[in-house]
Every structure is written in structure tokens, then in C-alpha cells.
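To begin, one chain is listed below as C-alpha cells, in the form predicted on its own.
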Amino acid sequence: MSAPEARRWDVIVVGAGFAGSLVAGQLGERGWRVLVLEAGHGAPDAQQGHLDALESYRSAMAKVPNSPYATSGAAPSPDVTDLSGNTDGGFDAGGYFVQRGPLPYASGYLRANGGTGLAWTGLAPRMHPEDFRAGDFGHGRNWPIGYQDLEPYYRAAEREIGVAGDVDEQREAVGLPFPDGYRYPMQAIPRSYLDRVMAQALDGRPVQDPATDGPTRLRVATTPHARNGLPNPAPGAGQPAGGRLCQGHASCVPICPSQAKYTPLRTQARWGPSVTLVTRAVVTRVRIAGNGRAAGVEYQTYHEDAATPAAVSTHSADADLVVLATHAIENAKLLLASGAANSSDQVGRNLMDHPVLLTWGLMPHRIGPYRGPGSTSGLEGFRFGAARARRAPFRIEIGNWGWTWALGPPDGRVAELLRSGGPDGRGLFGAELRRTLGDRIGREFAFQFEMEQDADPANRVTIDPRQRDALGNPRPVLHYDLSDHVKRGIAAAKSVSDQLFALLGAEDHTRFEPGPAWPGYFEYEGRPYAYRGAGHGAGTHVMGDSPATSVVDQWQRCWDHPNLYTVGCGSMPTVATSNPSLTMAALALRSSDEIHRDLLARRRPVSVRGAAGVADPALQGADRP
């Protein structure tokens, strides 16, 4: 879409992903004129765009999170295939990021209309109240707000994106407070057969966490999902319109063929006429006026398949208020390139992700993997408590997609059997091949341990004038590492995994070794480990209660610029252990209310009274939306 003729707006939102789409929608509903600038591509017709993405996914050699979606060298997206491990334990990094840390930042994201929200897992758990005060445990930071401040916005976000879950189970198994009578807007996603097998074998059984004095009792609990299948008929559920049922395609990441999973495009479909979206619009700078206020942005538009300077146009737009919602790393990059919001020297610092420890094996009997969402249940007992002072807390997801994340899809195992699967070292074929495949693939399962990474100022995003993309804009330069606290958590998780395998009677095939498949390989206390990135970048414009130590206040408003908001996971002081999208959505809705108040205050008429104390009617309400 070409640049609009109008130059002045009430609000400019940079980024049309999860947070940007929600903020734009909330402000548009209230009548504000909103310009949304998205760096990546967008399809003129959403349904045709979905079909095109499906076809791209089917034909992709590597079915990674970004593979279905059109990307451009003009607005490059980091991809997990940019990384490769070395046989000596190091790593090589190509692609968009410039990686200069001892360990790789192992996640990508998507610069396209809808952002990484197109390719997310759809898991929507809340953070635990304890997660808002991680600093009290000696690792990380405390939030300037608590769970109760965000709770009404959790409910609003669950309505907005259509979360399916069981309140009673979340209250009992996770310890989450909910208002009396509250119900999720959508009916809970059923447990998979693997979940039920796990629950039968594990519920009530103790395991010994090395960081605790006593045992931890296990309980398999279902995970809330943003899959908009069946509205909850319970009174007070406040259900949105129903969506399409999950068809069990087992490809939620990167794309849900049945469109049961929420994406930001669903919010965009509800935008009113006061919201204008421009795709292929790369914002290069936030303009800061002499009074410290954001005056607007400068941006480049580019043609569909060209990233040469001749194909690029430059533009400028003005607004009363600017919202950056591009991704934790992109937000930091843009602030740094603009020389904005960094009086605390915290812009770009405290980069976090969820380093994920994977363990995988074969159950004693077939459990029907590769059906439905990637994970429908988990083990929650390692997320909180005194142990988080001794090692990073973690949440365990029970993986329904076999060994896909650890070793790739089953195709590789099939090829191996064809090549050398027979007892004589020759290939297997025919009935014997089918029997062997059914036995092995049908028993595959995995655990995914999502670790909380503490905010470390040394983990950061910077820019380097020598490192630029095709349009001449800075590429993110990353320094990333894992603290000993996180490594202790990973070691504890592996110990817990060993006990889970024993309780299940499962064959453990987990093996970490340096090489191309494991760029996140490291050794800790003499033992080998490796991690994957969860795609949960956070912390680069961290929220706090002081302008001396943080970038944004509790509303995600930059301390240095009263009309510049920087929203998204980058504001989170802790990434905790739950998937962060729901919390990001709740924060975006909370910020939207404050932005609305800011805009109203700016438009409030000045009361000019004459000698008789009568207001001048010519000045009342002159500039209301």
C-alpha cells in the first residue's frame, strides 16, 4: 500500500503485529485517527494471503517459523536457519543479526503484516503473581505493577484474542487468582492422548529438584490456548464470536491451516475506518522536537521485489503521539537509531528469551503423536517457590509433535531407515519398513523446559554504523549469553527430566553434542547441554519505577518523551516462564487506556475566563476528535 496523502495523525503506530494491532484497534474504536506503518509485506486480501502462505509452507524445504510468509531484503527477518553450530562447540551466524556474544541469541521473528503473531504457538497462559517480583529472589528485576494491576487486562486480552481454558484448573494447579465467577471466553482445548497417558503415570508422583530440600509433587495441567473454536456457554464468559475448530494439522507453528489459532489479522479485520495501514513502510527514525516530545516519524517505502535505492521513497508523518510496537529487538534498534529514550542507558539492554531445554524419547507403547497443537498440557510445579532463588525457574511443556523440535520432522528418520535401518545395515522396505515406522514414530514424545532468563544488562542490542541492511538501515548487533543461574536451572531441569523418563518407563534418546544442529551447545559442570530459542524476545526497553534505571514507566510510556510509547515484550522486566504473548496483549490494552487519556488531555480545551469568570465559548471543544 502506498503512503497516504494525509501527513498529520492523532497517533502513529509502528508495527502491525500483536501489540500494534491491538493498540491501533483500541484507539480506532475511540475515534482517533491512527496511521499504522508495517515494515513487511501484507496481502491485499487476507484469505488469499493465507492460501498463498499455505502453499509456500507446503513447498518449503525447511518448515521453520518464517517459511510460509513473504519476506524482503528491504525489511529482513532473522531466521532460525541463520545459525549453525560448529564441531568445536562454537557457532556461526549469518542473516540479519550480527551476533557477537559467547552464545547465540537463537530466536527469529517475522517482519510482515501480523508479525510473529502469524507464527506463534497459540499458547496463552498468564504469568504467576510471583513472576512480577523476581528481583525479590535475587535474580532479575521487580515490575512497577503487580498481578492485580494487570488482572482486568488479562481478562480483556482473553476476550480479545479468544482464549480457551479451564479457570478452576488454573486456579488449583497453577495458583492463579481469578475473580469469582470468571470463565474463559472459549471452552478448554481437550487433552491429547499423550497428556492422558502422562497424567496417569505422573500425577501425584514425587520428583526431587536438586534446588529444593523436599520433593515436588507432579500434576499434569492443561494449558490455555488462543484457539477460537467453541465459545464458552457459561454465564459471564463474555465470549467473542466463535472461530473455526482445530483440525489437528499439527502445524500451528508456523501456520494454522484451519485458521483456528488467533492471529493479529483477526483484530485488524475489526478495525474501523479511522485506522489506516501502510505495509512495506520501514520507519527509520522517530523525530524528537526541541521540547522533548515525539513529533512524528520518517519512513521509507519500497517496491514489491526491489530493495535497490532507486526503488525506495522517503516520507515523513506527524502525530500527537507515537507508539513503537515492532518487536523487542526492532524497538530498541529504532530508539538507538533515533537517539531517543536512553537517558538511563538501558535501551537495548536486558535482552531476554526463553532458552528451551529439549529432551526426547520413546514411550513404552504408541501414543499417537503429530496430531493437534504442539502442546496441550504441561507440568507447572517448577515455576515458583523458594527454589527460584537458587536456579532459574522453568515450565515443562508436554510435546505432542514427537521429536520435531529436537531433531526435525519424521522425514529424516524415514530416510535413515530406508538407508540403513535393517539388521544387516541395509535399508528397510515394504511391510517391515511400515511396521518399524509405526512402532518408532508412533512412540515419539518430547519435553520442552522453558527457562526464565534473568535480566542481564550485558545481554543487549546495539547498532554499528558499519553494519547496515539493503536500505542502509542499521542491523541489530547482539551480545547474548546465559548466566550461571540459568545454567543451574537447565541442569536441574535435566535432572527432573531423567526422573520423568524413569517414572514413564520411557527410552531416553536425548543427546547433546557440538555440531551444526546445536548452535546453542555448552558445557556446565562437566556435562553437555544445548538450548533452542523460544522466539520470546523481551526486556530491551525495560519498564520500571524510575527514569534513572528504566526506559518506560508502568504504562510503557518513555520517561524521556511524554508522548512516545514503546510497547511489547521489550517492556517486560522479567520474562518469567509462561509464553509471553497474552501478557504482552494485556499490557498493550492497559497502555491503550492511558494513551487515550493522554490524547484527551492534550485536546482538552483551555479554560480562558474573562473578568466575569465566564469561559470563552469559542475555545471550548475546538479540537476534539
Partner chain sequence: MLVDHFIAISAELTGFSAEELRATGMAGVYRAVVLERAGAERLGRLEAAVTGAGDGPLGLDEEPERELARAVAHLWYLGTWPGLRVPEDSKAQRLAGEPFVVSSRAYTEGLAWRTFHGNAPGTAAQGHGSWSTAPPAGATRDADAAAPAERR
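Numbering follows the first chain given and starts at 1. It should be emphasised that the depicted structure is a prediction, and the values quoted were computed from it without experimental measurement.
The same protein also has a form predicted together with the partner chain, omitted here; what follows describes it.
- For the residues 107, 550, 192, 338, the 4.5 Å heavy atom test against the partner chain in the predicted bound form is passed only by 192.
- A heavy atom within 4.5 Å of the partner chain in the predicted bound form is found for exactly one of 217, 426, 527, 468: 426.
- None of 287 to 295, 415 to 423, 207 to 215, 529 to 537 except one has non-hydrogen atoms within 4.5 angstroms of the partner chain in the predicted bound form; the exception is 415 to 423.
- Though the partner is left out of this view, residue 63 does reach within 4.5 Å of the partner chain in the predicted bound form, counting heavy atoms only.
- Among residues of the shown chain, residue 251 is one whose heavy atoms approach the partner chain to within 4.5 Å in the predicted bound form.
- Put simply, residue 430 is close to the partner chain in the predicted bound form: some heavy atom of it is within 4.5 Å.
- Contact annotation: residue 501 falls outside 4.5 Å of the partner chain in the predicted bound form, judged by heavy atom distances.
- Not one of 269, 322 and 604 comes within 4.5 Å of the partner chain in the predicted bound form, counting any heavy atom.
- The partner is not shown here, but in the predicted bound form the stretch 346 to 372 reaches within 4.5 angstroms of the partner chain through a heavy atom at 366, 367, 368, 369, 370, 371, 372.
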